[in-house]
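First comes one chain, alone, set out as structure tokens in the form predicted on its own.
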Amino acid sequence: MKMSMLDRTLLLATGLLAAYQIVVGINDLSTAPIIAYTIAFGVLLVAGLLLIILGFDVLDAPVVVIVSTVIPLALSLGLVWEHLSAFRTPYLIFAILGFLAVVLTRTIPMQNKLPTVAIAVVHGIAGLTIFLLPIVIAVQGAARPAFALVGLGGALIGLGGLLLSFLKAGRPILSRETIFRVLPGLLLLMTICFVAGFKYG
């Protein structure tokens, strides 16, 4: 599917917002969240640039499933490290093991459902963490209400990640053309929610 000028514009805006978040949006945090958020938004920036340069064909690369897992894992780890200190180590272990599980099930040929299960579990837990934790924190008054926008971004990133992952797994939720049509806008809206939530939350 050919990428339109509108698609490239949306992806460029996504990349610029991700770059802004790396440079400006995470300066006042401790080391671990800064590293986690930098990885997440750095991968998002590179992914957007690759899409602009190479078009949607880059999504056919096997590494896409792995890359689409890095962003939610890193973001959720940063949030847990910031706001749930009692769960820092367990979640760090989950993030490492979850990432390794996705890498192994994508690099070793398997005829069973294990690759799909690994993706669903990792994306499900990371996505729910990004979605629920900021909303709960905002409702409890531990952050300003706008922080709930991070949760909305989490819902969008979970949706995007699952769409791409199941497409690569050969079990697409939507048609390939539909996924490619909505992906640039979805990425931009997701990034807007993250940047606004972190800035004003």
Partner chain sequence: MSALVNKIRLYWPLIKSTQTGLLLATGIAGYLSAGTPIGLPTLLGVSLTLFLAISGSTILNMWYDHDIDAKMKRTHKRPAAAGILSRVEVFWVGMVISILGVGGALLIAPLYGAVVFAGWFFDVVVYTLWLKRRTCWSIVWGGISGAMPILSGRALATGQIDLVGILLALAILFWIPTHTLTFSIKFREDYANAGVPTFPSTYGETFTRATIAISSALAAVAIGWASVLIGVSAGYLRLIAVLTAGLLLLAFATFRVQSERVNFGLFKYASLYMLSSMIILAMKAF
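If you're wondering where the values come from, they're calculated on a predicted model, not measured in any experiment. Positions refer to the first chain, counted from 1.
Unshown form predicted together with the partner chain; subsequent notes refer to it.
Between the options V64, L49, V70, A148, the residue in contact with the partner chain in the predicted bound form by a heavy atom within 4.5 angstroms is L49. Residue I26 is the only one of A155, I26, A32, L163 with a heavy atom lying within 4.5 Å of the partner chain in the predicted bound form.
For the three residues T38, G42 and L45, a heavy atom within 4.5 Å of the partner chain turns up in the predicted bound form in every case. Considering the partner chain in the predicted bound form, the lone stretch of 136-144, 172-180, 155-163, 54-62 in range is 54-62 [heavy atom distance within 4.5 Å]. In the predicted bound form, the partner chain sits beyond 4.5 Å of every heavy atom of A13. Though the partner is left out of this view, I22 does reach within 4.5 Å of the partner chain in the predicted bound form, counting heavy atoms only.
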